[in-house]
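Only one chain is given next, in structure tokens, and it is the form predicted alone.
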């Protein structure tokens, strides 16, 4: 069985462990600084496995040594957003947490592929790349799968069509400037613009952009974790099974889409090598403007990180 270590055993990390174990995708190590918490959650999950007939092993620990020889490291550790906070407000606190997680796990799993979920996502993935010194193929951020899933859910709610027939593509930074591509999104091959009235479609786009904030405001404490954790698991599964799955992820840009030395949400192919290929869409003027605005916003956070941390 493959091995996935999850750094951070809060709601998102523990739920990712749950999805991985339930689907028998990998054995799981759940790491957290809080003593007893990852051990308790892991034991509870392990005791659920006989009920569903799965032989996944789940171990909780406070020791990075237990992550040795992981195939994939998922970093979810960090403080969650509170109402009124932007993802960027989290920068200073989470930079320290993610930096430590990246360097400590690398000591024990030099061949692992990293999936980063901690916010501000694009910038934390960039930090992980710099701290580990790994090639860009092996450090990827979860962004667009979640945003696209939210958009698909909202389209299904509006149209009453099965989510299986709905394909949506959301690119750009994982923040309020994300880029939902309505022209490339469709319902059973029919473009969204032809299926949904313009005002309704615009409302869906706006709700998608603020999807995370909507949940933060409803919960009052903490942020979304069911969908974000499953998005990470879809990425891990695609890599472990060498699926060649094309999904939007945060990738390190080296000239693609005219961007360099930054992480940004674009369609990538995931396989055994990690991020194996970046797919480049052709944009119309409106899409290009949205894309550039989102890129400028992400670049700003990258620059703020460089002032805070030695990379």
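Positions refer to the first chain, counted from 1. None of these values were measured; they are calculated from a predicted model.
Omitted here: the form predicted in complex with a small molecule. The next part is about that form.
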property: Whether 9, 33 and 37 all lie within 4.5 angstroms of the small molecule in the predicted complex by heavy atom; result: yes
property: In the predicted complex, residue 117 touching the small molecule (heavy atom, 4.5 Å); result: yes
property: Residue 134, heavy atom within 4.5 angstroms of the small molecule in the predicted complex; result: no
property: 4.5 angstroms heavy atom contact with the small molecule in the predicted complex for residue 76; result: yes
property: Touches the small molecule in the predicted complex: residue 223 (any heavy atom, 4.5 Å); result: yes
property: Contacting member of 97, 181, 204, 129, with respect to the small molecule in the predicted complex [4.5 Å, heavy atom]; result: 97
property: Interface segment, criterion being heavy atoms within 4.5 Å of the small molecule in the predicted complex, picked from 25-33, 261-269, 43-51, 242-250; result: 25-33
